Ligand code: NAP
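One chain comes next, on its own, written as structure tokens: the form predicted on its own.
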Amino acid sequence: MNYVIVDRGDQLSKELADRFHILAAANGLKRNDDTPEMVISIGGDGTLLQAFHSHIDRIADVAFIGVHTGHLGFFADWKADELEQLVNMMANDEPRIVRYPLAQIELVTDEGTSSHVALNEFTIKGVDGTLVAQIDINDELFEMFRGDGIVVSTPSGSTAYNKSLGGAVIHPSIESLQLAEIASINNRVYRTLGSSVLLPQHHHCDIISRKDQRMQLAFDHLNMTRDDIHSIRCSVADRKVSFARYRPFPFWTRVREAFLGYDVK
């Protein structure tokens, strides 16, 4: 099996990466920075997002494994002191591969159309004032939005920014996108639903700019500012992200431990 490591860059993560290489070599695993089968993320959820976007061109050919070095992450199954167990399982056991949906974001600008993918969320905000946009669902007007911005999250990202905005937590096996408002302004001209909206796989939404405005766009942790956005189409991507599971770690257990802290006796 070939693997590559993406670490957070702090001392602990670097030390764990070095130890992983030693353990891997002793167990017959091969380091391959160009065409790996497994991408090992050592750090936090932000590190895994970095690893995901670093290997986006080979997303169909790789699976991700997370080792967290701080607080329990939603993408990390393994703790720092479980490295040897992980390497042994990678060398001797077949993992269960789980695949989760991604967000496909298409920007229509003065320069043409460009396509982007997000694992957690796509966020759009106004830079110099409120964002003003028309929201269409399946090519029909749904609402006129004015406010700070909009978050479009995948089920994997529903526990992140989306949750802080009052959005629902969605199991990652449900192929969908969720739209959540950031501080919407409602009056007789701009009227929004006021709650998050869940779109199934075969639906799409368009965010259409309704004034000359600079927008800050974020695809997970990757940011850009544009002043020439005409419209943005959001849909469930054809591609999925794969995670290698060597032991059970149910999604609802992750949610309970991250937000509620209950221990199961």
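Residue numbers here begin at 1 and follow the sequence given. Being a predicted model, the structure only gives us computed values, none of them experimental.
We do not show the form predicted together with the named molecule, though everything after this point is about it.
The partner is not drawn, yet in the predicted bound form one stretch among 139-147, 191-199, 115-123, 78-86 has residues with heavy atoms inside 4.5 Å of the named molecule: 115-123.
This chain is drawn without the named molecule; in the predicted bound form, the residue among L49, M215, V62, I207 with a heavy atom within 4.5 Å of it is L49. The closest non-hydrogen atom of N92 lies beyond 4.5 Å of the named molecule in the predicted bound form. By the criterion of a heavy atom within 4.5 Å, S164 is counted among the residues contacting the named molecule in the predicted bound form. Within 4.5 Å of some heavy atom of the named molecule in the predicted bound form lies at least one heavy atom of S156.
Under a 4.5 angstroms non-hydrogen atom cutoff, the named molecule in the predicted bound form has G44 among its neighbouring residues.
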